[in-house]
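What follows is a single chain, given as structure tokens, in the form predicted on its own.
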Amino acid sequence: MPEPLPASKRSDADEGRAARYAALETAAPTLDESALRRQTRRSVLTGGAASLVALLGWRWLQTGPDDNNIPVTLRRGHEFNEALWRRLSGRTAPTFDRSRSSMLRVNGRHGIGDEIDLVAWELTVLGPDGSEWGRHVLADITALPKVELTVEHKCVEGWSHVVTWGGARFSDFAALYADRLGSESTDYVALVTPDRGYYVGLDMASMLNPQSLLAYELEGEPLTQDHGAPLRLATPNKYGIKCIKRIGTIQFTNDRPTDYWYERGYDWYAQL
């Protein structure tokens, strides 16, 4: 190690630096070996205790009662999140310039594992008691005012993509049943694929949001079967798990519908 410079050869900068180091040493002196050992032991004991508490807490959660495949405590956390977002319902998600959108990746084939005859497809509408209110072909949906919406599609897996949907607002579709809905005062909507392999439930306020579409186009082209042809739900206010593909049945109901991923431990509301 080089010898310290004699005081006569130190610059003002060297003197200033030495003074700062001396002040730092006074404020936070270097630990001697015994003090360092004590501090290390204390850190190990504290970390071990924290790990033990976390392990016992996790074991307690796993051995306690569950609610739709997750510990009831975690389910209550989901419900708190739902209550919070209900207070903020009615908001709209950011929109983007059309030039920023591109084709969405194919993700998830629950309920659409097999191809169907798109010409023979029909949409069935049910009331709260399960009675049939109506049937529709795609031409009935495309006859409604068309909306193009460039928004961010978000997945619970952690990725997102700016995409352009084309379709009819669900609120315009629901208006076809305004008389019946006015008398029934329904609070929820259930949507199911034709094979009943996938199903989602949404609150009516979310469905009537102007950004909730019955989409039949993606990037200006008709939906492919992998993307949910002939008709799917598209909304930027819910995670993709709610954006059911290939809708076969829509039911207006007073009871909160079950939901494919809710039954597997996810948040029923799934609001962004």
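Numbering starts at 1 and follows the sequence shown. Please read all numbers here as calculations on a predicted model, not as lab measurements.
Omitted here: the form predicted together with a small molecule. The next part is about that form.
J.: In the model of the complex, which of 148-156, 132-140, 181-189, 91-99 comes within 4.5 Å of the small molecule (heavy atoms)?
T.: Result of the contact check: 148-156.
J.: Give a yes/no on whether residue 240 approaches the small molecule to within 4.5 Å in the model of the complex, heavy atoms considered.
T.: Although the small molecule is absent here, residue 240 would touch it in the model of the complex, with heavy atoms inside 4.5 Å.
J.: Is it the case that residue 107, even though its partner is missing from this view, gets within 4.5 Å of the small molecule in the model of the complex, heavy atoms only?
T.: Residue-level check for residue 107: yes, a contact with the small molecule.
J.: Should residue 170 be counted as a contact of the small molecule in the model of the complex, where contact means heavy atoms within 4.5 Å?
T.: It does not: once the small molecule is placed as it appears in the model of the complex, residue 170 has no heavy atom within 4.5 Å of it.
J.: Indicate whether the small molecule has at least one heavy atom within 4.5 Å of a heavy atom of residue 221 in the model of the complex.
T.: No, residue 221 stays farther than 4.5 Å from the small molecule in the model of the complex.
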